[in-house]
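Only one chain comes next, encoded as structure tokens, the form predicted alone.
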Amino acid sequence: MTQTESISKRLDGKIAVITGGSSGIGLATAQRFVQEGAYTFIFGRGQSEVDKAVKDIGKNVMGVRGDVSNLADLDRLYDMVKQQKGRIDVLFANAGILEFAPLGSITESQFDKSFDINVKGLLFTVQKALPLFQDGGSIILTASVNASTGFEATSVYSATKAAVRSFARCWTVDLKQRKIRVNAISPGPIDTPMTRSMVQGESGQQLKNKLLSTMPLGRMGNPDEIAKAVSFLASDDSSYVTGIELFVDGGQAQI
């Protein structure tokens, strides 16, 4: 039996949207969603990356290029979803960036970029989806261990992810009449293209070693380990779970 054949179809018939879906955690989740039976729309900033992701997944997937901080791009995404499928059952609001800047050298442009993508972009990703959202659906937000722990030169990024965690709590209440569940997932260090670009060279290796020293499991996670947790939150297996922050972090923020 192949891995694909062994995966359950617990998302069978669902319509899913994933932002930041063309690489890393988003791509791994899109692959798993499709394997578990969902038709999945992936939204990403680079056309070539989106096209490659669609080709690699191969079926039951559509790619849309755009930037979550551009509200017109989000409108275009949801117009496409409405035309093609008419509804959304699952939304994984995953797009985000991380730029290092220690206090004392943070620029206004860095601050604005991080909050435009990680906070404003995520908020309107969710809000603009609501007219298409099915009652009883599931929204998953990508937060981070950085919202709960202090790491050097990440104060702006950490603040954006703390906002995401707060969104999950508040939107759980806002959407309770529609039985839409909202949960946050907080990854630790994950082996993605974005992370690998940060640990190049001697200084990057030192950063990686420092991170690994804080983790009980002693290793970085892989994107599918996050995707499996997201799939749980997307599915009816988590039907009594809402408002939580699920840490998938190798124990990093737990000790």
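Everything numeric here is computed off the predicted structure, so don't read it as measured data. Residues carry their position along the shown sequence, with the first being 1.
In what follows, reference is made to the form predicted together with a small molecule, a form of this protein that is not presented.
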Exercise. Taking heavy atoms and a 4.5 Å cut-off, does Phe43 contact the small molecule in the predicted complex?
Worked result: yes
Exercise. Would Ile88 count as a contact of the small molecule in the predicted complex, using a 4.5 angstroms cut-off between non-hydrogen atoms?
Worked result: no
Exercise. So in the predicted complex, does Phe124 come within 4.5 Å of the small molecule, heavy atom to heavy atom?
Worked result: no
For this session: State yes or no: in the predicted complex, is some non-hydrogen atom of Val182 no more than 4.5 angstroms from a non-hydrogen atom of the small molecule?
Result: no
Problem set entry | Answer range among 89 to 97, 102 to 110, 129 to 137, 172 to 180 for contact with the small molecule, defined in the predicted complex as heavy atoms within 4.5 Å | 89 to 97
